[in-house]
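First comes one chain, alone, set out as structure tokens in the form predicted on its own.
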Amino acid sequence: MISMSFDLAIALSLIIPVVGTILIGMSGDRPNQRETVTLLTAISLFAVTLWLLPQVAAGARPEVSFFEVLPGMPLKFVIEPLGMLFATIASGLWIVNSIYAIGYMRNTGEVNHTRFFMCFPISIGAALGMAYAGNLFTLFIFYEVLTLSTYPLVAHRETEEAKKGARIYLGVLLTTSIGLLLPAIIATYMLTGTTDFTAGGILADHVSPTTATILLALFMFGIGKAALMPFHKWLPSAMVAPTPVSSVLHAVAVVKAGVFSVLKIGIYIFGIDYLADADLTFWLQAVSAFTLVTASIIALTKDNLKARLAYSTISQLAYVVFGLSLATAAGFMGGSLQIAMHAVGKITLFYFAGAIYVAHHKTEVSQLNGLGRKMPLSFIAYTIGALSIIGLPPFGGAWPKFVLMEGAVDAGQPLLIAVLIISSLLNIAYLLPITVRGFFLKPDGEDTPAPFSWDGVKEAPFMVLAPLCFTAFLCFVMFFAVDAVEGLIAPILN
């Protein structure tokens, strides 16, 4: 009976997004019906995820397989703790992002609402397919579905700039996945006879350290969604999309699917012990550290707010790869925590970018002088999200940096702690000036800052402002929820 319930839950996790997409399409030009279906789909998917969460945390490993493409290569789903963490984040934040998207689309004059909302369930369904993938073949199928389903979202505005950005987005992600990731999967199958995700990894007894290093490079760069340099340009190019899309790309699904895949392949295909014993990751430490610092420096140069946040994301994603490169339990835990904590912090920052655009049509950092007096709640929420990204307690983003520092010590690489400290200082340099501009500088064209008055407040509409404030609050909550996240992930490391 329990097995049947698990089978049904896994099936529903894949079927609900498809049904939601169809019903949204059938809603046509009836916005209230379309938005109701969107919210009900998101809530239903999250409810199924929450049903699975405590059981996986208690040790259950639901599994279901479908047809075999090749011997030992079925379409297979297995729910394990890391995938459960990613699924919970993606499905939970999708509810918040749906509310935000409704408010944003209603107040910005965007067109093609039905197509816009149809793409979201497909992308979230693909993200959950990746989360629950039981082997590399299944992961790859849903990885590509996620790329293709988000392409129309990036191109949504259909301007020349949007089309160009979408072409770069699609081109980089498909080129890396087909040219690097797929050969790595095929090679793994040929060398081991399987692509199953297996505790402890599957490569140690089948390949030499040299071959394993080559495979690791193919996997790390083939997962273009992780945005390791030099395969990162798709991410800033995709910022031509509406802000709710940016939130999906940066916090809910796409880039989180990338770094989730990095960790899952690292622990279930290579194995932490093999990565450490065979000394496979020295080069990955250098690449991730370079990406981490360089992207932050580039972020300092960007006046466009979404471009600055995009390069911030590239840097923050590198923390996860950096954690894997340490090849220690603490490094893996730090990378896992970063997936959760960064999602909440970064979605807050993008919601802020959308809020100032909706309320005042501002897109550049240099345009924000004095705007905090008109949008105090938005700027306070932004500051909370920024402090979490920087890594200051009592906000969730403090934990990944602390645990990654532990991982660097465990790996015998204490000098790598300096990279994390430099990155945090750079985070301060490109994030907190926005708060300073908003609250302490005079608006352009004014001799002195006007005194604050509630009569002068002009925040974004409620359905834009409320999700922003909620995710800022989650940054605080996640600081105290770290034990639950660590408790979920710990069995993998044991």
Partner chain sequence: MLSELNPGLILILGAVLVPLLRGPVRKIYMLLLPVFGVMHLLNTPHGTYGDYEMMGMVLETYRLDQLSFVFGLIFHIAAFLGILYALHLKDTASDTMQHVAALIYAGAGVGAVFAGDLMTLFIFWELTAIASVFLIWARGTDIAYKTGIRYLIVQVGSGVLLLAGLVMHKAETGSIAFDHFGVTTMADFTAGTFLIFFAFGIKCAFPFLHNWLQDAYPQATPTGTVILSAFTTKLAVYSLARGYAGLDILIPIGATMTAFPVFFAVIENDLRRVLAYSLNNQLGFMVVGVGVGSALALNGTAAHAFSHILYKALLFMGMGAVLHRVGTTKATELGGLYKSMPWTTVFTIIGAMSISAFPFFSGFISKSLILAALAQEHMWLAWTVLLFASAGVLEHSGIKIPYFSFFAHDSGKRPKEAPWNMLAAMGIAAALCIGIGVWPEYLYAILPHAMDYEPYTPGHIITQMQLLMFAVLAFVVLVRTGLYPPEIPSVNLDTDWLYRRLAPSMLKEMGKAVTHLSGGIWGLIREWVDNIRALAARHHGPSGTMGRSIAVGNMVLWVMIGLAVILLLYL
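Numbering follows the first chain given and starts at 1. All of these numbers come straight from a predicted model, not from anything done at the bench.
The same protein also has a form predicted in complex with the partner chain, omitted here; what follows describes it.
**Student:** Is the partner chain close enough to V403, R437 and E486 in the model of the complex that each of the three has a heavy atom within 4.5 Å of it?
**Tutor:** Each of the three qualifies.
**Student:** Is A9 close to the partner chain in the model of the complex, meaning a heavy atom pair under 4.5 Å apart or at it?
**Tutor:** Result no; A9 lies far from the partner chain in the model of the complex.
**Student:** Looking at the partner-bound form in the model of the complex, is W399 within 4.5 Å of the partner chain by any heavy atom?
**Tutor:** Taking the distances in the model of the complex, the answer for W399 is yes, it comes within 4.5 Å of the partner chain.
**Student:** Indicate whether the partner chain has at least one heavy atom within 4.5 Å of a heavy atom of S13 in the model of the complex.
**Tutor:** Outside the cut-off, so no.
**Student:** Is T294 a contact residue for the partner chain in the model of the complex, using a 4.5 Å heavy atom cut-off?
**Tutor:** Looking in the model of the complex, residue contacts with the partner chain include T294, since a heavy atom lies within 4.5 Å.
**Student:** In terms of non-hydrogen atoms within 4.5 angstroms, which of the given stretches 319 to 327, 83 to 91, 185 to 193, 117 to 125 touches the partner chain in the model of the complex?
**Tutor:** Heavy atoms within 4.5 Å of the partner chain in the model of the complex occur in 117 to 125.
**Student:** Out of L218, A278, I298, A289, which one falls within 4.5 Å of the partner chain in the model of the complex, going by heavy atoms?
**Tutor:** The residue in contact is I298.
**Student:** Considering M239, A343, V172, V419, which brings a non-hydrogen atom within 4.5 Å of the partner chain in the model of the complex?
**Tutor:** None of the other options qualify; the answer is V172.
**Student:** With the partner left out here, which residues of 468 to 483 have a non-hydrogen atom within 4.5 Å of the partner chain in the model of the complex?
**Tutor:** F479, F480, V482, D483, in sequence order.
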